[in-house]
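Next up: a single chain in structure tokens, the form predicted alone.
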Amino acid sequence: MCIFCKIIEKEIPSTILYEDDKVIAFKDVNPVAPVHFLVVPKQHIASLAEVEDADEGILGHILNVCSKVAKTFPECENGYRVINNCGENAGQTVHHIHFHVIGGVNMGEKLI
């Protein structure tokens, strides 16, 4: 079982910001900005490369939750970044699809 599945099952503690029957959003344990949280589907999908047509609904829901949770942070009022790393060369270290939401700093052209 991957680390995100363990967080979903509450086997590993996390600071949960949002949860419903499809996704969970929680603070990143190694934040790179004042606001840094992850949105993870409860269904285990290894990466964006593994997504199928049937997953279209969950991906839309994930992006909606990214926006909904970001709106709870005043630091994200002037913008935030949503990132998905797909595969080892892109920096994906946990093989359970997830989206980073990062805000609270002016990132300009900076890549994170």
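What you are looking at is a predicted structure, and each value in this text was computed from that prediction instead of being measured. Quick note: we count residues from 1 along the sequence shown, nothing fancier.
Beyond what is shown, the protein has a form predicted together with ligand AMP; the following relates to that form.
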Within 4.5 Å of ligand AMP in the predicted bound form, do we find a heavy atom from each of V35, C66 and F73? no
At 4.5 Å between heavy atoms, is K27 in contact with ligand AMP in the predicted bound form? yes
With a cut-off of 4.5 Å between heavy atoms, is S47 one of the residues that contacts ligand AMP in the predicted bound form? no
Within a 4.5 Å heavy atom cut-off, is C2 in contact with ligand AMP in the predicted bound form? no
4.5 Å heavy atom contact, I7 to ligand AMP in the predicted bound form: yes
Go through 84-102 residue by residue and record those having a heavy atom within 4.5 Å of ligand AMP in the predicted bound form; state none if no residue qualifies. N85, G91, Q92, T93, V94, H98, H100
